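Okay, so we've got the same protein chain twice, two forms, each given alone as structure tokens, structure 1 and structure 2.
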Structure 1
Amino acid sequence: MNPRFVVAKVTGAIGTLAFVLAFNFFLFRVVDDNPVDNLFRGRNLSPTQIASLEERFGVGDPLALQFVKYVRQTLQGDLGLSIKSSRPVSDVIMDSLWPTVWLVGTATALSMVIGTLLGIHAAWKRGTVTDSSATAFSMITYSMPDFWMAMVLLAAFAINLRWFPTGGFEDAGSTATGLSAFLDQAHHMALPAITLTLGYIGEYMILMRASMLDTVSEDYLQLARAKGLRDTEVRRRHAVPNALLPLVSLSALNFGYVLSGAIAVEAIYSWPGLGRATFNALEGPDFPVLQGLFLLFSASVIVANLLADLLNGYLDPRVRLS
């Protein structure tokens, strides 16, 4: 790949991260000008203790100095202390990171694959019943609030039919290990994963359908057909690869939406991930935790975008060789 392309993309991403870091600092400084006050409110502290804490948190320092300190601490992985639990924010995040990675990863992969296949099919059979029902399905699921879908599915499949547990990461007090633990967790993850998948299939389907229809009218498909290729070969070798290219960068943007959708959905299914941590941090509110989570969400979307750009550059010879 063109090294200048890579350097440009990486620099751009670093620039955006820097902006997010600064934005994050000033946004929370507006509401939380004295973290010591918030953290230790109601505790009996001697003036010297307060002074030493204020020293540590940099209260009273000029804003620029505070910002430098914040950047340095963040880069070292120190995101401050949770107001609620007084634990380091990084610990709170690490505890809930993996459940969300599993959930969002599964939902993203499933919705991407199903939505893309549906979109390919709908576009190839444009104007048929297949097309209009796939489009209608996508539009309707796209219009549903994720959390409402979570509520309806919970009521139907966990409360009434009892096919799935009502929430949590695994059975209470479970000591299972290995495969049975995995199956138990998968059973718990099924409903939240189905909810998020259903919620985002529509997005991919509509995007892929549009991209395919743009491709279908291309001359090189006519040429491929004229060469004597079968319809399925034309689709598989020529239409789909080209139609997938624009989808790469769109999925990265979409990743941010899935992550956002996880907030309410995790809260409803008591899935112990970042979403529920966000939900819990809203009460209080626990600003240091919110600040850390917001930084993490933004950073992961920026990284996802960077990866998508690089992947696009690798896949598309027009970018790779220009």
Structure 2
Amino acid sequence: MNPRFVVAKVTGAIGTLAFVLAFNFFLFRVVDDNPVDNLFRGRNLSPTQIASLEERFGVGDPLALQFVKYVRQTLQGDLGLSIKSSRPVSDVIMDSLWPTVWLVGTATALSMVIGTLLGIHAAWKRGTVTDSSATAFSMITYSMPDFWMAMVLLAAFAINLRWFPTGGFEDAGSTATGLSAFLDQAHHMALPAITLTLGYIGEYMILMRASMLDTVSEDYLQLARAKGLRDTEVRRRHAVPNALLPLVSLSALNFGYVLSGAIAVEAIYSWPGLGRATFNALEGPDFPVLQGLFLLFSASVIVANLLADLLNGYLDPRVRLS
């Protein structure tokens, strides 16, 4: 791959991340320049106590000095202290990271595989019942709000049929370990994962179907058929590999969105991930936690976009030459 292409993309990503870092700092200072005043108003604190709290939460210095400290601490992995719990923000985020990666990562992977397969079969059998059924199903699930779908599935399969737990990460008071603990957590995750998978399938199916329809009209597929290849071989060896390229960017970006969690779905199912952590921080509001979460979400999308650009450049020479 052309080094100039790689350097340009990496430089652009670093510049974007630097802008997000600065914007993230000033955004929350505009919303609430001194959370200590708002949180402890009316408590008759002495000037010494107020100064101690401002120092603790890093809001007692002039704005320029706060920004310098913020950048330095962020580069060192220090995201400040939570106003609600007085815990390091990085600890709050790390406690919620694995549940979100497990839930949203699983849903993203499942929807990518299922949606891609549906798109392939729908395009290959264009105009048939298979095509219309797959397209209708994908459009319906894609257009449904995820919180509404979560509530419907929760009422149907957790409350009425009682096939799944109504929420949480594991059974209350559970002391299970090893495989038993994993199965318990997987049982709790099943319904929110199904909810997210249904919501994500549509975009993969629609994009893959459109890409396949563009590919099946190409002359090289007719040539492959003329050489005597069976229809299934033409699809598997020629049509599908070329049609998959547009899904590279979508897949990479969606995996970048994994860390942002699914706020509504995690809140409805009481799933202790980053989405629920965001919901809890908004209730406070706990601005240091929100600031740390938004920075993490932005960084994950920027990195995913960079990887998508580099992978596209590697797979398609036209991209890196443009």
Partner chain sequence: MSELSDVVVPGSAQSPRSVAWARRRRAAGEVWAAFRRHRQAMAGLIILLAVTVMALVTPLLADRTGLSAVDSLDNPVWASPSGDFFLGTDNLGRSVAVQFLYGSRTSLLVGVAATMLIVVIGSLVGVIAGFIGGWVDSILMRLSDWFLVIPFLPLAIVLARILGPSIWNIIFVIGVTSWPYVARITRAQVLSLRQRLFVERARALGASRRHIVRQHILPNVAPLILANATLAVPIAILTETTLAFLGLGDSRNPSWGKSLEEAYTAGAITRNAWWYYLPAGIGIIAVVLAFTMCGRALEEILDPRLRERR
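Note that the coordinates shown come from a computational prediction; the quantities given were computed from them, not determined experimentally. Reference numbering: structure 1, starting with residue 1. So that the term is clear: the rigid core is the largest set of C-alpha atoms that superpose within 1.5 Å between two forms.
In this pair, structure 2 matches the form predicted on its own, whereas the other structure does not. The shift recorded for the CA atom of Ala8 between the two structures is 2.4 Å, with superposition on the rigid core.
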